[in-house]
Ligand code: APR
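What follows is a single chain, given as structure tokens, in the form predicted alone.
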């Protein structure tokens, strides 16, 4: 399956063909490949990063932690829900980019993402092979203890308090907030994928968010090769953590990397 390549944006580095060929060779000899993605994967689709969204417009008046924490929700649930309604609308307007589509065209690659959007699934990825470490913004879950989750209709996004139909507790976005643990099942699946990986492709993430960032070190310790895809990556800075650094946008690099020789 051919994957369309987006035209080069002159603001970003031009991909080095020799380095690309080395990365292709690494993938060709790998029996188990994991794509570990962050905000840079979806930023090209117009989904603002958390910090960018929290420091623009109305939200400049608020501490980002107040918009995404159990304490913030307890203090002002209406404010938190208004913030997430804005984020949900941005995700609903976005469409998968060439990087999402390139990953969807490779069902042999396991997908572990820090992103809370559903663009991988909308690009055609099997939902059962996408591990969302930080939850899903297109779902609500019970803020109590019953564990109930339900999808949000992207055509009807409202900022209103709703109650869990099972236990009556408040519903809240099904994402991981500051101070909360990652979902145990997602974490266990991600750890298992990293343990078995021959190669991990790190896409659009600086590796600054823990504990998710530790997964790449875990894979490297288990013997996996690491390929970094990031327009801001410096090969010299990454030499101790990556075998190959592909400087470029995910929408350009991944179609070239994953579509074959």
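Because the structure is predicted, anything quoted here is derived from the model rather than measured. Positions refer to the first chain, counted from 1.
Same protein, other form: the form predicted in complex with the ligand, not shown, and the subject of what follows.
> Pick from 39, 67, 193, 224: which has a non-hydrogen atom within 4.5 Å of the ligand in the model of the complex?
Replying inline: Checked against the cut-off, the match is 39.
> Is there any non-hydrogen atom of residue 32 lying within 4.5 Å of the ligand in the model of the complex?
Replying inline: No, residue 32 sits far enough from the ligand in the model of the complex that none of its heavy atoms falls within 4.5 Å.
>> Using a 4.5 angstroms cut-off on non-hydrogen atoms, would residue 218 count as touching the ligand in the model of the complex?
In response: So residue 218 does not count as contacting the ligand.
> So in the model of the complex, does any heavy atom of residue 172 sit within 4.5 Å of the ligand?
Replying inline: Heavy-atom contact with the ligand at 4.5 Å: absent for residue 172.
> Does the 4.5 Å heavy atom contact test between residue 63 and the ligand in the model of the complex come out positive?
Replying inline: Residue-level check for residue 63: no, no contact with the ligand.
> Counting only heavy atoms, which residues in 129 to 164 are within 4.5 Å of the ligand in the model of the complex?
Replying inline: Going through 129 to 164 in order - heavy atoms within 4.5 Å of the ligand in the model of the complex - there is one hit, 134.
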